[in-house]
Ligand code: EAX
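Form predicted alone, single chain, as structure tokens, below.
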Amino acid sequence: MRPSRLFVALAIGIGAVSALLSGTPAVAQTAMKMNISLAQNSHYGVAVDTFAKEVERRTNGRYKIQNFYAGALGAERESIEGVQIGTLDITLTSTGPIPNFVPEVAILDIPFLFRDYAQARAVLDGPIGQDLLQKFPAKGIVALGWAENGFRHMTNSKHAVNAPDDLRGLKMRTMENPIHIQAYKQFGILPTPMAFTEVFTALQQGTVDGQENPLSVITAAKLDQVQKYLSLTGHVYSPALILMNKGQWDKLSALDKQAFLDSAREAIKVNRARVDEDEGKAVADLRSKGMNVVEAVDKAKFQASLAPVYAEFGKRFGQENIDRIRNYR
């Protein structure tokens, strides 16, 4: 016998009252997974933890972000692929693998493109960066905002690097990024593309001689344990992005979309603040752990050695587009 409509209505009412009395929200909660390649105690970790807290608060608990750290759900390229096809909801990733999905972003990987953090952040938060964010939805991804890793520096286990010639013949781990690889070959480096989750072991075992990363990453990943020499080349500024599956984004109401964007903004603030904090103390910390640090690097020599690839980049991206970023005020 089918239950009467009155019985069903009473059952629903009783359930709602029970939920209220027990303190359980009556609305269903949607859980989303977010993955990063670094440990929780890092400039990525503080960002995604802030993002999760803000999303839950701003949506009154209707959305909950479950964070996974240290590549638990895959390396960066795998995470971007997961976001694109919907097996992962959100990720915070460096732009290293991004040109494989959104080629226009590759312009940001040109060495010595940015003067300092203030300029880099202004470019990304301004019209240039916002225009690049609009390239993602066509690829099944929504970019919520620009976070960062910082300026990249070189480490190795062989000898101090003061000039480009000192890099010749070094086998260096690089990101899976064609612009970086092209430039590093010009330095005389033997580039070895590799996911970051594999880097510590590769350095430990001598599969590669060195790697390049911002100070925040070098300290968070404890690379001082497997590298002796650090040179503050600052050769590439490394942005990061908070990326979300477009299908999941499209399901959000207008108010919830704004809540996610505002949450991303807060996450980016703490991310950049942590990078600034790490930059302020990293050199002394790494020296205290036994690293040999070369601070006075002749960057003009490094830039001069890249003249042939700069000409190629000018043809590929349009010299006026490169100059627009380089001269941004």
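Keep in mind the model is a prediction, meaning the values are calculated, not measured. Quick note: we count residues from 1 along the sequence shown, nothing fancier.
What follows is about the form predicted together with the ligand, which we do not show.
With the partner omitted here, the residue from 209, 76, 89, 109 that has a non-hydrogen atom within 4.5 angstroms of the ligand in the model of the complex is 76. This chain is displayed alone, yet in the model of the complex one of 48, 38, 282, 275 has a heavy atom within 4.5 Å of the ligand; that residue is 38. Here the chain stands by itself, but in the model of the complex one stretch of 130 to 138, 242 to 250, 173 to 181, 100 to 108, 173 to 181, has heavy atoms within 4.5 Å of the ligand. In the model of the complex, every residue of the candidate spot (94, 149 and 152) has a heavy atom lying within 4.5 Å of the ligand.
Contact annotation for residue 114: none of its heavy atoms lies within 4.5 Å of the ligand in the model of the complex. Within 4.5 Å of any heavy atom of the ligand in the model of the complex lies no heavy atom of residue 227.
The shortest heavy atom separation between residue 231 and the ligand in the model of the complex exceeds 4.5 Å. Contact annotation: residue 196 falls within 4.5 Å of the ligand in the model of the complex, judged by heavy atom distances.
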